[in-house]
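Heads up, the chain below is alone and in the form predicted alone; it's given as structure tokens.
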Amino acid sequence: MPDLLIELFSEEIPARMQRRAADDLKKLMTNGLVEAGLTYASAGAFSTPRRLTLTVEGLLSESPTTVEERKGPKADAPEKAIEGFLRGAGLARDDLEERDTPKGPVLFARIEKPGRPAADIIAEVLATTIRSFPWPKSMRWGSGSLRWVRPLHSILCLLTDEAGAEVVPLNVDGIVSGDATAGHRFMAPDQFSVTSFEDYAAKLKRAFVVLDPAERADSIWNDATNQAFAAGLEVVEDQGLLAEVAGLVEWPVVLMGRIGEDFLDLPAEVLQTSMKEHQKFFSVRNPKTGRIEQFITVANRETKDNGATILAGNEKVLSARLADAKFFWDNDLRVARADAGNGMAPWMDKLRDVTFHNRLGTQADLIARMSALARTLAPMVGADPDAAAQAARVGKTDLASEMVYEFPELQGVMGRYYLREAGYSEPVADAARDHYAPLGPTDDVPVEPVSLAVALAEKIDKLTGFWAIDEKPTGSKDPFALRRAALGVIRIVLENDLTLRLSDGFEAAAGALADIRDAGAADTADLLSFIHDRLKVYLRDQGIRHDVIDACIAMPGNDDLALLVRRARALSEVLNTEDGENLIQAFRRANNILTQAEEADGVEYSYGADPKFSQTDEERALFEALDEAEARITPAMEKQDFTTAMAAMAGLRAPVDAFFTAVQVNDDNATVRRNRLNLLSRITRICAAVADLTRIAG
């Protein structure tokens, strides 16, 4: 079986597009080959800044011959119908076979498609792939019609087997396939021929090209950490930057440079952000002081002076960039220090002219609402109301600072520095940084009380506000990141085990929106339902079923998320036991019998079960078990001890099973029948005190 090697060689592909492009090449080619009948053993895709590479091993040398049988019209059908069938099948009238069927004689066509050589199929599939490649952005060049991310220079397409290597003939917009590629642009620019993937990868390595992006990333990280360690420093880990830099070079050469003394006192976040965004540098930190003191850059070539000239140029450019950052920092500090204790008035004035949303007012309006809401929420999270209100009032003022204007991703981070310089307390300053969190599913949530109050105030105001103007998420569209805000509320509440009623927060936020002219009345019940939907997704990842959550949402107090989740986890644990699962079946049986009887009799059997009407030991045992369970469940539920309540409920399994085995509920004696139906009602009522078991699937 031959192996296939494809390389599409072009000008530099943007780093952010390379991984997706390699995956797309593999998917489009392998799907196309399989659809044409060419199966394979394995496939791998690689990328460098100037090439996309695909290797396919164990490919069939030709597609198999296939035979297809098609049923046609009846033998006595109109001639035009038969002619249409013949055209579709590509056959003549003599090629058809007439067969007897229950519906009479019917014409059948047997269509044989001979196999095709692999090279012919590969050429067709590759040409189609190149012409329809799904680049996010593409361009045309010269006089051709082909679109590619950057000008495409050559196509390498080889089939290799025991007999040798064969070029798959292909011509795409004047680019003719061959067996040649080129090495590093500067260090080995000459072309060379290859005979297989192993030969290709080895010759590329000798031509200063590391084909595998994972290998380039590992090389960069190992060299960077080793150089930093030798200097008593450590590299600040950044996997996203590492992947990007690995996509910028074909032959990574790691160099460590120094940051000018004038800039070492800049906040670490400023240095990291400036170097990452503008220069794609890794930050190197002194573990003893936490300061960023040096940087790592990755060159794309070796030089005679071991990178000295490259480093000197990078240090010069970096100094210019950091001079701008230092200018912003110094200017912002002057504003913060001059306005100490005055609520950051100059920046607050600017925020009165910055629109938050055209129907929800300015940033200053948002801040006023957040401050009032944070004061309301503060007692619920153990925060001082005055501190929470103050933190909400000043926590977003850094949005008007020069540093955040230049680096928006530093919002909050810079606010903490500026508030500390202005003399605000640590909890208030920390809230400026923490109230945006969590921004992602793996981010840490705030834990300090003041930060909790402000973070919840921001997210609850956002959710309530957009609900009030009917700007809810639809389908996959969520332009205002409301799903992220809802998940943030959920994680903050659950990971801090906060006991608070979200309905109170929604109502307080809705009250603050009353002065917004374009805002309607927020549907807080619908908003709570949205939170519950996000909660289901969050808990599903923790192994809790949707129906279990639904059974708990149906209970009172479902706006207290911590209470709701404790109940759901306890119920989930019970249902994972044999007693719990069997009790659900028994509950369902009791509920069905009771419902049918009430519908038939037109009465409600909800009171009056009396042990004195019991006729069997199983009935009497069930009465005793229900008394014991209720005596345990009632105080446990008052204490919100769901584990004890669920265990007591599960303990009913044996006596309920015994009751249904030994007793006929619909007894001929009307008094006995009524007593037993009331007993079933008591079973369902006791279980329903724990959760709405009617919502459990099964």
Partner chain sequence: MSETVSTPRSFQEIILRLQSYWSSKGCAMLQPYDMEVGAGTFHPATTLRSLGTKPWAAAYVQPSRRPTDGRYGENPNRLQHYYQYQVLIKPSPPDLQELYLGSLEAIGIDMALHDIRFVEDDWESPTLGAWGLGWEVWCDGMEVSQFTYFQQVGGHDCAPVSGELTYGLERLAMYILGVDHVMDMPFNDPQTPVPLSYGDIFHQTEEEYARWNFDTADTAVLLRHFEEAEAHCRTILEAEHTDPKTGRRIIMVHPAYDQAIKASHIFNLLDARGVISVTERQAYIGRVRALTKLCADAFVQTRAGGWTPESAA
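Heads up, when I say rigid core I mean the largest set of C-alphas that superpose within 1.5 Å between the two forms. Owing to the predicted nature of the structure, the values given are computational and were not obtained by experimental measurement. Residue numbers count along the first chain shown, from 1.
Keep in mind that the form predicted together with its partner chain is not shown, yet the notes after this line are about it.
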Among 476 to 484, 576 to 584, 284 to 292, 304 to 312, which stretch has residues whose heavy atoms lie within 4.5 Å of its partner chain in the model of the complex?
304 to 312
So, R334 and its partner chain: in the model of the complex, are they within 4.5 Å at any heavy atom pair?
no
Taking its partner chain as it sits in the model of the complex, is G543 in contact with it (heavy atom to heavy atom, 4.5 Å or less)?
no
Would F229 sit within 4.5 Å of its partner chain in the model of the complex, counting heavy atoms only?
no
Would T442 count as a contact of its partner chain in the model of the complex, using a 4.5 angstroms cut-off between non-hydrogen atoms?
no
Listed residue (I469, L248, L594, I553) with a non-hydrogen atom within 4.5 angstroms of its partner chain in the model of the complex
L248
The listed residue (R206, R87, K137, K80) that reaches within 4.5 Å of its partner chain in the model of the complex by any heavy atom is K137
Could you pull out the residues of 460 to 497 that have any heavy atom within 4.5 Å of its partner chain in the model of the complex?
none
Taking the rigid core as the frame, does D386 move its C-alpha by 2 Å or more between this form and the one not shown?
no
S143: CA shift of at least 2 Å between this form and the one not shown after core fit?
yes
Hey, does P252 budge by 2 Å or more at the Cα between this form and the one not shown once the core is superposed?
yes
